[in-house]
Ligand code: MEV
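Take a look at this one chain, the form predicted on its own, written out in structure tokens.
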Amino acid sequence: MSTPNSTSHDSKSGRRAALHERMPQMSDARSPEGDLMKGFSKLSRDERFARLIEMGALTEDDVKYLKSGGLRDFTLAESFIENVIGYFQLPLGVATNFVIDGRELVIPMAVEETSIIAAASKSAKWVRERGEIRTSTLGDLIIGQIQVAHVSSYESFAERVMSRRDEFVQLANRDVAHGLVARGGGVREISVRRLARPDGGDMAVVHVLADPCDAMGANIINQVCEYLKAPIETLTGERVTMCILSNLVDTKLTRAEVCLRGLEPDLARRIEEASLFAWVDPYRAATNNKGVMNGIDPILIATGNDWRAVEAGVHAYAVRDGQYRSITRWQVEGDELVGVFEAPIVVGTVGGVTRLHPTARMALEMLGVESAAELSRICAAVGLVQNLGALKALTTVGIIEGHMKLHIRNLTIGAGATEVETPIVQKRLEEILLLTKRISLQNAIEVLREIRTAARAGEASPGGALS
């Protein structure tokens, strides 16, 4: 079986070259010339493959791999987790119409929820017609923590650790993080924090800050912290109780900004008010942020990244001022609607599953990313655009018109419709949704029952089968 792992270096380089060669044609998002994404959702699967090959997003080997059903190598699965019994596959699709920092991208997304990819693609098209997406990163350091649960004298502990700070940094880089140092990263800084205990005492926490380059860095930062445990105990006479990385990486933030022009003032104000609702009310913020992660998590899964770590960091950052808030803000500025996402998105493009899993490798190649920072910026941009689409839908047609209309597909399958019956059931459910503004599995079951009853009656009558 051919997999992306067996794809030659030349074919991968060719893919990037094809994307870069086509980029000048695609730089003007409003120009129809070279727009290979037009009508993409209406294409058959084979036609989608052909279009993606023409773009340079996929190779012939990638298509063979996907058509074969993806990863089936249980030896590889055994290296990922314990007690392997099989694979659980998620649908892998692509979001279209994204132009991020001037680059047109096809976004691979592994997700099971109806409407996410469709909404992202539709909203991205709106943005490319009315504005642009800009991204940046703020900081590049991850955090490791060394805990001393009961410190006898915080002042003495902090003074001693900080007096040897530079030495600890050098030792950690020499003996543990030398691989990162060779790539331009490594441990950069050490600091000490004081935390009040409920019993009135003090807890001390040493923060180790490191640049992980293009790795997520969890394994290496944990190793550095464990390595520094002994010298810190020897120096201070205190007992280290735990060493672990932090997923609240406020020293490495990702920022995305969407600017839209020429909107109806009333629509822009509605979106601004919806954003304010999520900023001041944690009940709304939780659902708002889940919608943002609808855009981010599928990319993390498709590229083999730790989506749970990113979720934890994003939600922790959302409560940094003591109240859980939206991680996005939309505001009207003059004649523009400007949206901003800012939160930690710590990802990797080297090591671990990102390089071992052939589908993850293919997804990274599809994106054409050269660094972890670039991948994090793409995630932030897609999350912000997903949020925009949700706010637009909620403040205009409502959630039923958007999400539930697409959910009809799932209801039809759940009711047990055959391939022939599916389009008939879907059309009838759309009519019910339009009339009642609600739809359920029971509606689908009843519609299917009516169709089958009519079909049996037609077969029993002279010349009659359901047409």
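Residues carry their position along the shown sequence, with the first being 1. These numbers were taken from a predicted model, which means no experiment stands behind them.
One more form of this protein should be noted, the form predicted in complex with the ligand, which is absent from this view; the next part is about it.
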Within 4.5 Å of the ligand in the predicted bound form by heavy atoms, the stretch out of 238 to 246, 318 to 326, 99 to 107, 388 to 396 is 388 to 396
As a check of understanding, the residue in Gly291, Gly217, Gly144, Pro358 with any heavy atom within 4.5 Å of the ligand in the predicted bound form should be identified as Gly291
Note: exactly one of Glu113, Glu167, Asp175, Glu78 sits with a heavy atom within 4.5 Å of the ligand in the predicted bound form, namely Glu113
| message | Contact with the ligand in the predicted bound form for Arg284, defined as at least one heavy atom pair within 4.5 Å: yes or no? | response | yes
Across 311 to 329, the residues having a non-hydrogen atom within 4.5 Å of the ligand in the predicted bound form turn out to be none
